[in-house]
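This document opens with one chain alone, in structure tokens, the form predicted on its own.
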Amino acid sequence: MFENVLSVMIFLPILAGLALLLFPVGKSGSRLTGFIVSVIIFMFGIELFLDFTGNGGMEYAVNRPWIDSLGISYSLGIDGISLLVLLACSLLFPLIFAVYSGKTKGYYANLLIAQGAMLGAICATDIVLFYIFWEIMLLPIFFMIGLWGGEKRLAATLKITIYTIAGSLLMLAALVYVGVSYHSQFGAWSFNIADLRNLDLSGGFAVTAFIMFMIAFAIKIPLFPFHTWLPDAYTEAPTSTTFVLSAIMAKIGVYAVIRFVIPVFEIEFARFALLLSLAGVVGMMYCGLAAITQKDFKRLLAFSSASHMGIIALGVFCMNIQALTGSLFQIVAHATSTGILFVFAGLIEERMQTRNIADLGGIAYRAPIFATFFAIAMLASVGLPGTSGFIGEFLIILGAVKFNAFIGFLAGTALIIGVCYMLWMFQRLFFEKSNTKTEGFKDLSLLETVTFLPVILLILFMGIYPQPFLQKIEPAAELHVAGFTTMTVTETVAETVVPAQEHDTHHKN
């Protein structure tokens, strides 16, 4: 694999998207261009995954000075923390271009720009560079919801805009604080995470900056109670946009916590770990219960996605190897299962012109291939053994029990709630009596079957033989947890020793 493969993966889709906007290309040409570019990125992603050695450090690293006077660099790299997020972002986009036809060239252009920006955010190891890609990837989402969304798209766009701008401003302020702190401690500017992890931050400003970062990323995950933009945005967005939001963009929020927050704010993270874990579990339960009450199956999947993001976040907050490895594995497991469920939901809506669960039924009798694929993705989503969802959720629950038994118990209970509403939805959609609407439901075409089959096989392969994925992420997870534990213990010892010395001094006096 050549040296600048990450740069090519980032800028090829961005430049292709901009070219589609600038030049007179028809809808079919735009879709074909998007498909070809996404397949190229897909092939790069597969080769990068296969060649990845998994030694725990950064691979395919690129570091070029950009704004030297401020220590900002064009710095990229991939390790076990980011590998599976990048893999999910590379694998799933060809599916969107293959399945969804009839969109305008502007829509396909925005999809390409979003993919490039998300890959940039995943690969960036300079926090300013990450922030820039983070902001760029949000713009296409606004346009896709606002221009091509449902009837209530303007309200949904306004809500996600307010949330996102608030989060971005908080992140920017915290980022400036981190940079200034590094300059005051080391006499030079740097925003590279390899340097920032050497910072010694404490006091009220450090806590405030930590909270700012966490709110910014909690909005994107979304983590309870910052999830309220999600149901409207997921429901009103075009299905392929919902797919991008759920399958990939939400995962970047979790990834950013692991990559940038934990190494810089170890002590604050340890102090708030229990509270954050509770937020993850409460979010799982609240969104799970909200999903049960939904009559719109796309909205039900939206709450289901938010609930499952809670357990991924919980794995990060527990900060032990089992839970962190489970979260990293679950990122790609959830991206493939829930992502493809949203695509199937879009196909049902497109063919039946309704999202109301009560209007549907008996689809399995009319479309057995579609029902089988839907069932496999749904069972992976609820964590059935033999599917990808089981491995990640099992590791997270294991780590959660190790972290706090009560938290682990609540997380396990929330997962059972998820099984209930997903099976209930599947029963209503696929096995109750057909009606006039579902009588004519067409099964997947040969092209659609061939398009979905690799993702379905991946779901099963990851569930039956997860070792090739785990062995690439475990060394990085172990290094990450070891660094966090060492730093936390060191600080704890320091806090214990200093008061003891002060006590001895007073005693001698």
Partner chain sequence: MNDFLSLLPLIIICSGGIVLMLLSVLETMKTETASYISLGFFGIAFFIQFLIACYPESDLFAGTFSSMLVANSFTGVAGLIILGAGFFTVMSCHTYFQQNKVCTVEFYSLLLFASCGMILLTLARELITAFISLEIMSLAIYILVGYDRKRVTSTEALLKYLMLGAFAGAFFTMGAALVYGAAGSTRFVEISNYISSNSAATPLLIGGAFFILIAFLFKVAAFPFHAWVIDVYDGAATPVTGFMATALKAAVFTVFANFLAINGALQKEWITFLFYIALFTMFGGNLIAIGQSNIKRMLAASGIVHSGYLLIGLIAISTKSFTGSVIAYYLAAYAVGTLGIFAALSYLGGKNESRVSFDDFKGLAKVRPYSAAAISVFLLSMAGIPPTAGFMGKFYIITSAITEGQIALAVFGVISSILSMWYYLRLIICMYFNEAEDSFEIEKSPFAPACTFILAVCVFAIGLYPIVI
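Numbering follows the first chain given and starts at 1. What you see is a predicted model; the values in this text were computed from it and never measured.
FYI, the form predicted in complex with its partner chain isn't displayed, but the following is about it.
G146 is the sole member of G361, G146, G77, G412 with a non-hydrogen atom within 4.5 Å of its partner chain in the model of the complex. Listed residues F205, F406, F431, F186 were compared with its partner chain in the model of the complex; F205 is the one with a heavy atom within 4.5 Å. Although the partner is absent from the chain shown here, I72, F142 and I165 each have a heavy atom within 4.5 Å of its partner chain in the model of the complex. Although the partner is absent here, V180 is a contact residue: one of its heavy atoms lies within 4.5 angstroms of its partner chain in the model of the complex. With a 4.5 Å cutoff on heavy atoms, F373 does not count as touching its partner chain in the model of the complex; it lies far away. At a distance threshold of 4.5 angstroms between non-hydrogen atoms, Y131 is in contact with its partner chain in the model of the complex. Although the partner is absent here, T161 is a contact residue: one of its heavy atoms lies within 4.5 angstroms of its partner chain in the model of the complex. Partner proximity in the model of the complex, defined as non-hydrogen atoms within 4.5 angstroms of its partner chain, places exactly one of 152-160, 299-307, 266-274, 325-333 at the interface: 152-160.
Applying a 4.5 Å heavy atom cutoff to its partner chain in the model of the complex picks out W66, I67 from 35-68, in order along the sequence.
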